[in-house]
Ligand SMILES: Cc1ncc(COP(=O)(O)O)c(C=O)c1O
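Shown here is one chain on its own, the form predicted on its own, set out as structure tokens.
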Amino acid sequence: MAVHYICSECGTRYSPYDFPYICSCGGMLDLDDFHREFSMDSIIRDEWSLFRYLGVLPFDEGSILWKDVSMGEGLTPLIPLDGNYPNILVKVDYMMPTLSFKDRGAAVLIAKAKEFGAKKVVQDSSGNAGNSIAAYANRVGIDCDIYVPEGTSPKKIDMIQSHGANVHIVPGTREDTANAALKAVEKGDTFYASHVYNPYFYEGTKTYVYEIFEQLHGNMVDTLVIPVGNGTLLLGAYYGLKELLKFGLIKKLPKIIGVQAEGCSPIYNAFRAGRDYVEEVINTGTMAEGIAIAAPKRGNQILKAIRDTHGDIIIAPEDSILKAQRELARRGLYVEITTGATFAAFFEYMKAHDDLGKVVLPLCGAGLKSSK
């Protein structure tokens, strides 16, 4: 199923076989509409991966290409935080082949890259997405170059290289890294396997909410708390929820509460100012490298998603991040620092908000990945 890209600004359509990554007008590309169908009965029960929801994924009926790519990603546990908080659930999304939730998007995106005939992919990342793309690309014989910012966890760099990818460490900011990757893409006939630019990635991350829906026996929680840098999980969750609402399987959208880092919070600033656009900020420093994005390319879409769900944006106090990480570890949940930031923000927010109902937070990455 070669679903066309469509510009979010001007509506221009592009064939994915031409490897576009942005519209000529500068607008970000979304996917054109395609047929989706889903019910609890349509789940492929003997498929133990996110591809059990094939009816809502952009693949032709009968396609088996994804089977060469999949490593059983998805179907992660949904468990109570602990006995003291029965209404707070955590989704253990670090229980993935490369130890982060980014495998959801990478599995779908690389399957599509293979379908479109890509021989080489390029990607920029703070670590997790690069690791996922490297693993899945090399699994199906696609060459891979990953660009990471200096200061990226050495463990993440080691993992990327172990999958056979070429790692390019870029001095400067996260935005400098993205620019270096774009220059590499523009030099040749290369597929930009970006978790930010390419909308097929979000088709994978939306399975996060389909799993929650299935695990809660056809129900949905009241609130989703999601870390947001470039918004790959937040936007995917939002698109999945919109589909469930369209199918008539949920009656309303749960609130989405995005979490940003104290030292790098462009979306928070825009939300609090009441703007419908995001302005670039200076990253003054944060341990939460996974959400340290000073100029999120889909910032406007993230703002719309949060407002559409009557949600909120909150800030993780820098001096509380490691404490929150340790508190999770004492509950048996050893997460990377960015997930610690999510909980640092939520624990503070929860003190003043007792109307959140049933809540789910993601454990996005394993703690070993951010250990020095």
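Since the model is a prediction, treat every value here as computed from it, not as a measurement. Position 1 is the first residue in the sequence shown; the rest follow in order.
Same protein, other form: the form predicted in complex with the ligand, not shown, and the subject of what follows.
Three-residue candidate spot K102, P227 and L233; every residue lies within 4.5 angstroms of the ligand in the predicted complex by at least one non-hydrogen atom. In plain terms, the part of the chain that comes close to the ligand in the predicted complex, with a heavy atom within 4.5 Å, is 332 to 340 out of 308 to 316, 332 to 340, 40 to 48, 59 to 67. With the partner omitted from this view, the residue of S126, T223, S194, T76 that lies near the ligand in the predicted complex is S126 [heavy atom within 4.5 Å]. Of the candidates I291, C144, A135, I257, I291 is the one whose heavy atoms come within 4.5 Å of the ligand in the predicted complex; the others do not. For C364, a non-hydrogen atom is located within 4.5 Å of the ligand in the predicted complex, even though that partner is not displayed.
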